[in-house]
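As structure tokens, one chain now follows by itself in the form predicted alone.
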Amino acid sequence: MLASDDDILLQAQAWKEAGRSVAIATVIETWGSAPRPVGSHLVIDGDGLFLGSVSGGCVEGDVVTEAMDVIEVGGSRTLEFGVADETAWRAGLSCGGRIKVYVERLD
């Protein structure tokens, strides 16, 4: 069972209150058959622990990797995954859709 949006955001808050570095990834656009709807979240801490989902498991590994970099260097990133993207096929996003994910560090 996937964590609820409330659970995901509460975990991000708990990690921040505990002094951990945190990033949040949010689905900001979808096209076609996307595995998760706009507004879906994945929260990641500086140790690589995460909660939530932006793709039902298809591209989470790549999103976590990008989030870890955002935590370290700051800023934000917009990531796109789709069937025409070799990374998405490698990661398993072969559902025929595309997703755009915004990743930012929570300061």
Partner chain sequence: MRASDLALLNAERAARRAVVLVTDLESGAQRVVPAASAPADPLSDLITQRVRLGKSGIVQDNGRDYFLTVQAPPVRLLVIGAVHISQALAPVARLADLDVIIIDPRTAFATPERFPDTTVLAEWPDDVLPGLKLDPYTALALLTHDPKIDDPALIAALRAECFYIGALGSRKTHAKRLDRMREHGFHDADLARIHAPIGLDIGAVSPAEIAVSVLAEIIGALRKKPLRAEVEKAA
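Positions refer to the first chain, counted from 1. From a predicted model like this one, the values you see are computed outputs, not experimental measurements.
This protein has a second form, the form predicted together with its partner chain, left out of what is shown; the following refers to that one.
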In the predicted complex, His41 touching its partner chain (heavy atom, 4.5 Å)
yes
If you check in the predicted complex, is Leu10 within 4.5 Å of its partner chain, heavy atoms only?
yes
Whether Ile28 contacts its partner chain in the predicted complex should be assessed with a 4.5 Å heavy atom distance threshold; does it?
yes
I'd like to check something about Arg98: if you look in the predicted complex, is any of its heavy atoms closer than or equal to 4.5 Å to a heavy atom of its partner chain?
no
Mind checking whether each of Ile24, Glu104 and Asp107 has a heavy atom within 4.5 Å of its partner chain in the predicted complex?
yes
